[in-house]
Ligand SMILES: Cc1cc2nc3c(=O)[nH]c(=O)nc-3n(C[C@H](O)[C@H](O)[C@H](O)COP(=O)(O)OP(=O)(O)OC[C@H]3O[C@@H](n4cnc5c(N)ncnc54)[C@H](O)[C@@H]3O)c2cc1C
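The form predicted on its own is given below as one chain in structure tokens.
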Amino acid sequence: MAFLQGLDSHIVIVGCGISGIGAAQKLLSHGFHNVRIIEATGRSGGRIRTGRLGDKIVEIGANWIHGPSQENPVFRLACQYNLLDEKSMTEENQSVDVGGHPPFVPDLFSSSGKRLSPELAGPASALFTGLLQECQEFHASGREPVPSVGEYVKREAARRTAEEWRDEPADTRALQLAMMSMLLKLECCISGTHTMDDVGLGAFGMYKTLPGLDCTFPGGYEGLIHCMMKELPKDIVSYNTPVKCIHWNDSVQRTSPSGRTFPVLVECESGETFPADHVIVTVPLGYLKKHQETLLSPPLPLSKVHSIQRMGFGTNNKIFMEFNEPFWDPDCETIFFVWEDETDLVDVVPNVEMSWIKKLFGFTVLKPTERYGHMLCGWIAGHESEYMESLPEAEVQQSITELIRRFTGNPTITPKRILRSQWYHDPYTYGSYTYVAKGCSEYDIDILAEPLPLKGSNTKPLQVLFAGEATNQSFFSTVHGALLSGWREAERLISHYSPSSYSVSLGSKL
């Protein structure tokens, strides 16, 4: 009987990204029928956003399926909807385990316009990769010799290179140190942080990688969103409806025509209101950081506020560039730019306005050529990336053109057109994705994911639930982490109303 009553519950989901869509799918499939998604923008998908440069499909947001194997629910859905190429779905591709860092065939250029041999970069790459693996192991050991990943890498690199490379010629050693600075910038993009000095050493190993060689969607990542949305009722989403405040704990009484009262009322900026028994909040951590004081009434408990403040949410942007002819080798997959003056292991620039371009570590080559033509994707993270967003597109294009000409020594290289992402200035994200900052631990992610009211309260439970990639302890920053978190909160509600017939271990999902 309780379960049947539960199916009548009014559930509002804030945010129509993959987390919110996944939660809605699961609730509807288990008989809940009063489910509504409220979306601030005019589209579904959130940080999954596919665009076009000319007639070519490019990913403005999420780029890869990280770890495309059977353990990854995004991969399983992509296969179910037949959205991937045959190679990505092979057993061989699923079994490759690269520890989150796929091997790339690189072209290397230095700031003096010289082509560098891959052999020269080998020692630097091997040392850097080894240091990152050491950083990941501190979480399991419970040790934290220094507060951040950046401090550990810089300290150990300086010590070990002095010992291991002492017989190298001075210019070779300097280039290898500059190469490590470039790799630090690359890691800033992977982690989504301004500097690796901001990433907590003890928490770095919380992130778990899945087997499988990262793959992309030939028709665009948004194809997955379109397929998922087709399985939902057509009128389930209220688009262009930003939420102003979520009033919970009966702070605003609203009675339905039937005389039923609801503990939660979602108030939108338009004045429209949605009464609910349960609200699942799936907004990005960047939005929570910006609006934590006003998004809920009563306000968030201090424990949640402090966790939101401690956790990291950074910016990682892309700059797509299309060329008439390639200046890179046919088998090249990444282009690295090594600044010869950066021998002190630096991942920030001294003057953002004057030198922001130095934070761009290089490009990935979009393949296959038959699909993309001659196109590169540049990557830039941190405050330099946020400043880049504020510049006119023509100025960005000019800066990168000059950069490429300097490093290649070819003064005629000119891109046809560019397209950049601007996630920091997006009013509903304020950045790209979550990282574990200094002073942050798994408990902060647990606290962020904990529903309101908190345990021990005598009021109606599970009024406000929290999902999104920032609430997933093992897969924060990923699409599959976001999807799993949406499923987790849907399962929390399902098991609340039917604990005996639908049992799920929520703890293993966090």
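Computed from a predicted structure; not experimentally measured. When you see a residue number, it is the position in the sequence shown, counting from 1.
The same protein also has a form predicted together with this ligand, omitted here; what follows describes it.
The three marked residues, G15, R47 and V479, each reach this ligand in the model of the complex, with a heavy atom inside 4.5 Å. With this ligand left out of view, the stretch that reaches within 4.5 Å of it through heavy atoms in the model of the complex is, among 194-202, 167-175, 241-249, 114-122, 241-249. Not displayed here, this ligand is approached by H66 to within 4.5 Å at the level of heavy atoms in the model of the complex. Among heavy atoms of P284, some come within 4.5 Å of this ligand in the model of the complex. Contact annotation for F274: none of its heavy atoms lies within 4.5 Å of this ligand in the model of the complex.
With a 4.5 Å cutoff on heavy atoms, S432 counts as touching this ligand in the model of the complex. This chain is displayed alone, yet in the model of the complex one of V35, V464, A40, L53 has a heavy atom within 4.5 Å of this ligand; that residue is A40.
Note on the partner interface in the model of the complex: the residue among F138, W328, Y428, F128 having a heavy atom within 4.5 angstroms of this ligand is Y428.
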